[in-house]
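A lone chain, given as structure tokens: the form predicted on its own.
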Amino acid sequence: MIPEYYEFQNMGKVCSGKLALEHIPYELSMKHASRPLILTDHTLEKLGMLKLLQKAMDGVDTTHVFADIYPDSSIDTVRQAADFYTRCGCDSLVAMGGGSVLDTAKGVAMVISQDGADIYSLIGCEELPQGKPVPFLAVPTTAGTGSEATCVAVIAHPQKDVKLEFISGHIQPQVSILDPRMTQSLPPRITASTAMDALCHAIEAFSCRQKNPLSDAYAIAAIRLISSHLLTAVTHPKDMEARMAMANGSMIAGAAFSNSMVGGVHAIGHALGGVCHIAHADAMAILLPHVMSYNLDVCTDTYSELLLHLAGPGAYAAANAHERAQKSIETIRSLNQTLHDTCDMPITLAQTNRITPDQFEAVAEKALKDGAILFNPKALGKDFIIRLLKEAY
């Protein structure tokens, strides 16, 4: 069903494939930029990825690097990086990393574009004025967050044990660089959980309250790419076709959910990250089948169609829509189990070793305040969230 009204934005350029990194100097020159701040993390620096990026950026000043970015990057990190950008006289951003690095870069772009405004004052949905332009190129090193294609940033506020959401078309990277060299060294465990993060983005985009024909098209393409290449990427990490399929699937899923939004999986997952510091991708994989089961009675037709894109026409031959919908959830559970058996990806909250049942109430209270909960296809109350956490434990 086509909604009475919807909006869709995806204005970023994509450079995808072999030697995509080497296109960065040209893309910067087209934006009259030559002195970028490179944002990354120390792990990627130690792995030699920073040197690879700098080598590819021939003719560009690559001396200004901010690598003090850690998982669940915070508003404090954003402030430090923005100050560094100003002190060094930089004129653009090149962010290489996973979701924490890319979201940090979005935060820096917000602060710089608003002439040094306090990042906390910019929180909200479509509240950010355009400000001055900041050329921003994103180089993802995981195939999971899709942050390179989204208008969303999630940045932690450590003092409040919460993750803040910023939503604005003005924070989307202008250029996304998808290069197979960036993900081929990812270990199987990280490949698995980040892939499930991307799959969760696509499934929630396809089933949430704000879905629309364009977001559906992107979500379906992402689901097909990810579901058909995920296990190959985990078990044969040097397979470049699988790696590129996952990178493109993650980016496309990001474009989908950036426009349709997500739902209960993300609302609870953000709360788990804020309260218990459970890795976002792990939370997505663990929660997805549980929230889908909760939504089943209002998502029967959607989950029925989902099976076709998850598992192909053969699986779709189930007798009726309800059986096909249930089979979609079973497919996700089976995939999680295979990834757990293959590379020890956690499939219960207990397996993360970061949460105890006495924290469920605090998580539920945080989840109820998360914006994503508004878009879940079925209303979620505190008691139901606690029940889901118990089931997932």
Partner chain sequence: MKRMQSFICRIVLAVLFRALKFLNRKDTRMKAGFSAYEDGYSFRIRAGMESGAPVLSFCVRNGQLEKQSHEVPVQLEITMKSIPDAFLVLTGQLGIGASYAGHRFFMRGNPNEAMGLVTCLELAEAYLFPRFLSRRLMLDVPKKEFPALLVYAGLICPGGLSRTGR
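Positions refer to the first chain, counted from 1. Everything numeric here is computed off the predicted structure, so don't read it as measured data. Whichever C-alpha set is largest while still superposing within 1.5 Å between the two forms counts as the rigid core.
The next section is about a form of this same protein that is not shown, the form predicted in complex with the partner chain.
A.B. asks: Given that the partner is absent here, state which listed stretch (93-101, 236-244, 281-289, 121-129) has heavy atoms within 4.5 Å of the partner chain in the model of the complex.
C.D. replies: It is the stretch 121-129.
A.B. asks: Taking the partner chain as it sits in the model of the complex, is Q210 in contact with it (heavy atom to heavy atom, 4.5 Å or less)?
C.D. replies: Contact check for Q210: yes, within 4.5 Å of the partner chain in the model of the complex.
A.B. asks: Taking the partner chain as it sits in the model of the complex, is K163 in contact with it (heavy atom to heavy atom, 4.5 Å or less)?
C.D. replies: Judged by the heavy-atom cut-off of 4.5 Å, K163 is in contact with the partner chain in the model of the complex.
A.B. asks: Indicate whether I373 is a 4.5 Å heavy atom neighbour of the partner chain in the model of the complex.
C.D. replies: Yes, I373 lies within 4.5 Å of the partner chain in the model of the complex.
A.B. asks: Using 4.5 Å between non-hydrogen atoms, is H23 touching the partner chain in the model of the complex?
C.D. replies: Output for H23 is no: heavy atoms all beyond 4.5 Å of the partner chain.
A.B. asks: Looking at C276, I220, L231, I167 here, can you tell me which has any non-hydrogen atom within 4.5 angstroms of the partner chain in the model of the complex?
C.D. replies: By the 4.5 Å criterion, the partner-contacting residue is I167.
A.B. asks: After superposition on the rigid core, does the Cα atom of P187 shift by at least 2 Å between the shown form and the other one?
C.D. replies: No: P187 shifts by under 2 Å between the shown form and the other one.
A.B. asks: Does I123 show a Cα shift reaching 2 Å between the shown form and the other one after rigid-core superposition?
C.D. replies: The answer is yes, as the C-alpha of I123 shifts between the shown form and the other one by 2 Å or more after core alignment.
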